[in-house]
Every structure is written in structure tokens, then in C-alpha cells.
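In C-alpha cells, one chain follows: the form predicted on its own.
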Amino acid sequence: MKLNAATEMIPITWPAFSDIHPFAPVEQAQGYVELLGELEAALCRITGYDAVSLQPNAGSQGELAGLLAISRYHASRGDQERNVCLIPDSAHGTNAASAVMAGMRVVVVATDDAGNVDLVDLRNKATEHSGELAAAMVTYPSTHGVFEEGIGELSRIVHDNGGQLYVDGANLNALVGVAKPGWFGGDVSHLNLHKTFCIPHGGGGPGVGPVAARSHLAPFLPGHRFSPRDSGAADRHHR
């Protein structure tokens, strides 16, 4: 994990690979289009989600992008009052910071004696804020390294109260080939590829944090208005 292998680092030093202009005509970038498309499709298969945006360049950026997608989704349905984000008190600090930056109000959920999310407290707070619940953010496996058995129930509680489930992908390397967040209740996740796939990291380089989501959030994933690949937001990444 986080090993920067020389064979993975060398290609990014090649001018022919790394020096293309970001707004080069798409007909001059077909190799990049194919490469990005294959990566998006692979990440969809691995995570069980329907769409991927490769734009976020760090896990923290992916968190913000995912939460903004949730906010925009609620707004598109006329639910602008949904701005509460439930976050366990064991969560990584960036979760709460990202929620605040996305304009949400953080409500902390307790953890039990074993460090797992307290589902009784979660249910109580989800019910209390049912009319304004936007999302819950959980890390799976959890920060203390456990595949919490209550993840399915947790997802049902959040969805039953009108919220979306954000699954922090910081520990995705423990899931690959075993479980898919898009299949056990997640609506959106960021993926720390510097951990799971050893992409270049360190020395100030990005951790890379693509954001993956289910189809109903796909139209709200980040793109770029000057990119031909992103001209059809609703279907650009579907696999």
C-alpha cells in the first residue's frame, strides 16, 4: 500500500504522455479517451457503481465532489432543505470538513464500546432529522479495520429517512474482489487510488480521488464544460 514502484512512476516522465495540452482537440487525444474510458469501466466493475468521474485529484476532493453531487440531487427534487450529514464520531476528520464545505450541517453519531457505529443512535438521529437528512458518511471497512455487520441495516435506516449513503473509499483495498459498496447500500464513494492501486503519491503529488456513484447521482458528478467527453453529463460514464 502506497508503494511508488519505479515501473509505475517512469511513464509520467515521458513528454509524449504527460505534456499534452488539457484542451487539445479530442481527435488528437483518442489514446487518452480510450485509457480513461477503460479505467472508468474497471472502477465501475470493482465498486458496483454505475458511473465514475476521474476529475478529483485527491481523496478530500472526491469527498467534496460526492457530497456536492448529493446536494445537487436533492435540490433537483425540490428538497433543498436536506442539509444534515450524519457522521460517526470515529470518522476521519476530512469527512466532517468536507460536509461543512459542501454546505451541510454535521450531526455526530455515537459509536459503541467496540468502536462500531451505534445503530440505535443512528436510527434516533436519522428519524429526528428525517425531513432534513441529506446523507450519512461511513468508512467501510471502518477506521478501526472492521467489516461492520450492520452496514446493510445502516443503509436502510438512511434511505428510509430520505438520505443518501456516502461510503468513504479510504479502505477500498480491503474490499477489492470481496465486496462492492454499490451493492451493499452505498450511493457514492471516493476512491483513494494511491492506496488501492499504488498510483504515484508523495513528494507533493496527488493521492487521486475519483468519485464513483449510482446512476441517479451520475448527472451531478464533476466534469468540465470545455471537454467533449463531458458534454452529456447524464450518460457520459455509464457502464
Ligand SMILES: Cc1ncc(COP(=O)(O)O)c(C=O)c1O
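The structure presented is a predicted model; accordingly, all values stated were derived computationally and were not measured. Start at 1 with the first residue shown and count on from there.
Below, we turn to the form predicted together with this ligand, even though it does not appear here.
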{"query": "Non-hydrogen atom contact T196 with this ligand in the predicted bound form at 4.5 angstroms", "finding": "no"}
{"query": "Close approach of T143 to this ligand in the predicted bound form, 4.5 Å, heavy atom", "finding": "yes"}
{"query": "4.5 Å heavy atom contact, S53 to this ligand in the predicted bound form", "finding": "no"}
{"query": "Proximity of G59 to this ligand in the predicted bound form, heavy atoms at 4.5 Å", "finding": "yes"}
{"query": "S71, S155, N161, N95 - the one with a heavy atom within 4.5 Å of this ligand in the predicted bound form", "finding": "N95"}
{"query": "Residue stretch of 81-89, 118-126, 104-112, 163-171 approaching this ligand in the predicted bound form, non-hydrogen atom distance within 4.5 Å", "finding": "163-171"}
